[in-house]
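What follows is one chain in structure tokens, specifically the form predicted alone.
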Amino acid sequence: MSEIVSPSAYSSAEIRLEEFLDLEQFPIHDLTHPKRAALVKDCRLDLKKWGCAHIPDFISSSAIKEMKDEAYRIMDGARRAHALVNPYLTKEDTSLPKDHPNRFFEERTSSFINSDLLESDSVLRKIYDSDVVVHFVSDCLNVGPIYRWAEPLGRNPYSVMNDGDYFPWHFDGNDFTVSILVSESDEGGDFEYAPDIRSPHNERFEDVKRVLQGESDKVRVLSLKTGDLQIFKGRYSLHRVTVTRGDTPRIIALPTYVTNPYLVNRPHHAEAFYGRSMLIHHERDLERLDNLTD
């Protein structure tokens, strides 16, 4: 029998959008509003062109403060990762050429506050559980239906980077990630990505290798600000966060969505990111339809 995963989701009746959104500026609940239509159009264009959409100041400053306060309260439970990883979070295959991306390893030193540690009244949980938010993200992606991730550890975690931390080049195990910057580092912490560098049935190892070697013209840089929302296709776009500097940690919330409601991380991916795998990761360790390396 599978483990019971808690906490349970909020019902829609318990979520007041105005707790975290300025509904006059971002009326995402009103499907007929021209501001919503314009937001969706802009996000679709950016995702098609760049593999990434960016909405500045999307989450209200009061909600950001609550999220930052929560992250600090539960920071002691953050899982510190200090390991050598390749872009696929897999073991090295020594049968491959030495310059193959599988054999490109970098030191990762960032941390995650796993989803199962979030407080019962967490604003991040409310954002994630909101059907209105899911519908808006789905419309922006022009993909549907999308689902909240069954992944118990990484469905909506906080990523934390302290002074000198680095999150190396990698692909995500999920289809789409929504990022909300909660706290900027004093310096560094830029998001760099190579949009749609691989496809569901083509790894494009040569293109990946050029990015890893610093020889690609496909890499873009996004310097997020507190409260900004980012919608990103992380399974197909190689990405990293540059080294952070200073006493203020970079904290980012990562509400995550998928097209397959049964999907969770593979055990090795959960262990690499979140420090452990659970029974559900082994029960659902099925082959992906895209056949990608990770």
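Quick caveat: nothing in here was measured; it's all calculated off a predicted structure. Don't overthink the numbering: it's just position in the shown sequence, from 1.
The following text describes the form predicted together with a small molecule, which does not appear among the structures shown.
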Is it the case that N86, F104 and R204 all touch the small molecule in the predicted bound form, with a non-hydrogen atom of each within 4.5 angstroms? no
Of the options D172, D139, E184, D129, which one has a non-hydrogen atom that comes within 4.5 Å of the small molecule in the predicted bound form? D172
Answer with one of W149, F112, F176, Y193: the residue that has a non-hydrogen atom within 4.5 Å of the small molecule in the predicted bound form. F112
The small molecule contact in the predicted bound form: N162, any heavy atom under 4.5 Å: no
Do F273 and the small molecule come within 4.5 Å of each other in the predicted bound form, heavy atoms counted? yes
So in the predicted bound form, does C52 come within 4.5 Å of the small molecule, heavy atom to heavy atom? no
Taking the small molecule as it sits in the predicted bound form, is V258 in contact with it (heavy atom to heavy atom, 4.5 Å or less)? no
With a 4.5 Å heavy atom cut-off to the small molecule in the predicted bound form, the contacting stretch among 247 to 255, 54 to 62, 24 to 32, 37 to 45 is 247 to 255
